[in-house]
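Coming up is one lone chain in structure tokens, specifically the form predicted on its own.
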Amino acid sequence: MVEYRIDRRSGIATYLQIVQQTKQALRLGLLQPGDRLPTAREVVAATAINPNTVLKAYRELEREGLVEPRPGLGTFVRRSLARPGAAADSPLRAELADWTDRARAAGLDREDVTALVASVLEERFGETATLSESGHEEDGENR
């Protein structure tokens, strides 16, 4: 089950942090179709946020077709975003972890790495890509 980490200083709306973290878990294969998301009560107990914020995030995920509520049972993953090369245990992730270790050893801090990765993403994908402080790619869409 996914555990949400809320960064109140990030400037990113709390419900969007939940949406982004859920999507990241879906992309990495950490959440699979049929998995139950934490209940609003569980998220509130772990993060001290308003239950309406959790419900807003889950409604957004439902609107995108990623989850479905089952009355009396909870909210369940409907479809995955995982691709084989992006799995949490993929060789690409291991290479990226090694690269990150080398960047830290070279004296780069989190913000330096974030800026470097964002510039390469923009160059390679031809889109303006920004990374939030939590390290998640954002596409600039209004959600």
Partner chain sequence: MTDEIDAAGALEASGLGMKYRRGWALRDVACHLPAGRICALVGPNGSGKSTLLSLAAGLLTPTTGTLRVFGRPPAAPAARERVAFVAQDKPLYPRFSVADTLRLGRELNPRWDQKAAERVVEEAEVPLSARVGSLSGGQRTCVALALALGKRADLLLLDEPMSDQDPLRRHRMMGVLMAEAAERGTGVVISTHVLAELDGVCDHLLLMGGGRIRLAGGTDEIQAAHRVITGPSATGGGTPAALARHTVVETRTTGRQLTALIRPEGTPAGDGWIVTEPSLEEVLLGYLRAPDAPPLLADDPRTADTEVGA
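Just so we're clear, the structure is a prediction, and the values are computed from it rather than from any experiment. Positions refer to the first chain, counted from 1.
Keep in mind the form predicted together with the partner chain is missing from the figure; the text below concerns it.
Just one of 50-58, 75-83, 26-34, 104-112 has heavy atoms within 4.5 Å of the partner chain in the predicted complex; which? Single hit among the candidates: 50-58.
Would you classify Arg41 as touching the partner chain in the predicted complex, given a 4.5 Å non-hydrogen atom cut-off? Arg41 belongs to the contact set for the partner chain.
Hey, in the predicted complex, does Ala46 get a heavy atom within 4.5 angstroms of the partner chain? Looking in the predicted complex, residue contacts with the partner chain include Ala46, since a heavy atom lies within 4.5 Å.
Contact test in the predicted complex: Arg8 vs the partner chain, heavy atoms, 4.5 Å: Yes, Arg8 is a contact residue.
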